[in-house]
Structure formats: C-alpha cells, structure tokens
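Below you will find one chain, with nothing else, as structure tokens; this is the form predicted on its own, and questions on how it binds or moves follow later.
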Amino acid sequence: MTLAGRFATPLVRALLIALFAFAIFGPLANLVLWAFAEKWYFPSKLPLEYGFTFWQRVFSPRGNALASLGTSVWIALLTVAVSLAVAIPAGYALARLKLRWRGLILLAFLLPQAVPNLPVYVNIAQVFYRIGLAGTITGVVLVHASHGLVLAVWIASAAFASIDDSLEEAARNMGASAWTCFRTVTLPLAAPGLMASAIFVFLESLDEFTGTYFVGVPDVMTLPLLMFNASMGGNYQIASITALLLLVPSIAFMLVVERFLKADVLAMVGR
C-alpha cells in the first residue's frame, strides 16, 4: 500500500465520524443556542444576546409548561399501565404456550405501525367524538396504548421466551402451583425485559404528538403540543426549551434501558 493509501483510510474514517457526529449533535447544538438566545437575527451566525428570559416565561404560571409536563407524564404512566396489563399475559401466552397462530398474532400487534398514522387518528377522533372520549385523558391514553402495545407485547414476549423452561419445571416439581410459579419464578426473571418495555412505552407516549392532537385538543395539553404551538407561532426559544425538557427524560431512560435490556432478551424478539 502506498503512503497516500495509508493516510486515505484513516482520513475517510475520520470524515465519516465527523459527519455522523454533526448529523446528531448539530441539531442539538442549535436547539441549545435557541434555548438561551435573547436576540438572534439573520444574517448573524450566532445569537446576539444570551439570557434566561424565555426560561422564566416557560416556567411561569402563564407559561403552562409545568402543567403540560405533568399531563404528559401522567398520560405516559397510564399508557404504561394499560400496555403492561395487556402485554404481560399476552407476552407470556405467546412465549410459553403453543399457540397455533402465534406469528399472525405478533404481526397483528404491528398493524398500528404498518398503517399511516394520520388517517387512523382522524377516524379514531370521529369515533371518540361520538362516544364522548374526545378531549379526555382516557381517550388520549387509549390512542397512545395502541402504539405502545407493539413495543410492550414484543419485548414482553421476548423476555418470557428467554427464560429457561427447566426453572419453571423445577418449581412445579417442588409443588408450586402454576400461579405461584409464575409469580415467584417467571415474573421476577422477566422483570428486566418488562422494565425495558415499560420505559420504551413511556418514552413513546411522552413524545407522542399526532394522536394527542387529533383526540385531545383543546382540552388535553401536553408538552409536545405546547412545543408545536410555540414553533408554529414563531417563538423558537420557547419551542427549543420545551424540546430540551422532553429530551432529558428520553436520554436518562435510554441509559436505563441499556442496563435492563440484555442481549439474550434481544435475541428472542420476534421468535
């Protein structure tokens, strides 16, 4: 290999890494700049003044950010509860029982992701208006759970499938009932995977906008809706601050997911 060839490979690698880093951190850096910008006019490359004026406005009682954040967290927690209430028995049945149409059932849970969201939400909104669920926390939670079940059921199924059958058999041979075996052996072993699925559902619900917009507006105001209203009004500082508020729990919970979701669970997803 020539001298030019030896330097070309590391150079290309460094350029690709730099491009990748810019694609990820460039928008985040712009978000942080807008969050602290007091004045930023074209054609200036950087803000002319920095400060916390817009932070004070966001966290003031009239800013409605804290109330919207509380609503978002409450909806996300309810969505997790509904999703796990379905995912735990469904995941156990799909993983441990010999179901004839297991593959089709798993694919059925993917349908909300396979179909475009917009027409689905429009039709759901029409139905919810007729039955009185539009503009309610319950209606928004049901919409969020329709997507959260995809992650919850698939990960729960993988978590139960990764458990060694001999452990359950040993408990049954010791005289444990089916419920006692599930409660004391199977469920604790599947808990890390279930925790990871709960976190994924929580984050997806926390960031959900389209379903909340069609079903919840104007009575249910979440942080993504507040960010949308600010950005549409041209108030990029407030939109950037609310985006950062949404970003913090996402990063924190993803670090937790990395700890709980083991390789043996990931290997069983979809099997």
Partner chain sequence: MRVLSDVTLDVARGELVALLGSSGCGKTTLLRSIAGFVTPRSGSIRVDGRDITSLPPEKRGTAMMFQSYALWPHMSVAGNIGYGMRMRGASKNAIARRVDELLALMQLQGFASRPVTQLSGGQRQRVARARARAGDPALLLRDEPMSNLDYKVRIELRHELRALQKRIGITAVYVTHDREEALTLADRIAVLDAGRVVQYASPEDIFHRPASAFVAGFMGADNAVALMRDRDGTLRVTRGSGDGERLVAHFRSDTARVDASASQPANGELRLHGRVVQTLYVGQGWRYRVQSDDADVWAHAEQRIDEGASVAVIVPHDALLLFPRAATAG
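Please read all numbers here as calculations on a predicted model, not as lab measurements. Residue numbers count along the first chain shown, from 1.
Same protein, other form: the form predicted in complex with the partner chain, not shown, and the subject of what follows.
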Exercise for the section: Work out which of the listed stretches, 73-81, 131-139, 165-173, 193-201, brings a heavy atom within 4.5 angstroms of the partner chain in the predicted complex. Expected result: 165-173
Problem - Residue (of A95, L106, C181, L151) lying close to the partner chain in the predicted complex, criterion heavy atoms within 4.5 Å - result: C181
Practice task
Indicate whether the partner chain has at least one heavy atom within 4.5 Å of a heavy atom of Q126 in the predicted complex.
Solution key: no
Exercise for the section: Would you check, heavy atoms only and a 4.5 Å threshold, whether L189 touches the partner chain in the predicted complex? Expected result: yes
Practice task
Check whether V185 has any heavy atom within 4.5 Å of a heavy atom of the partner chain in the predicted complex, and answer yes or no.
Solution key: yes
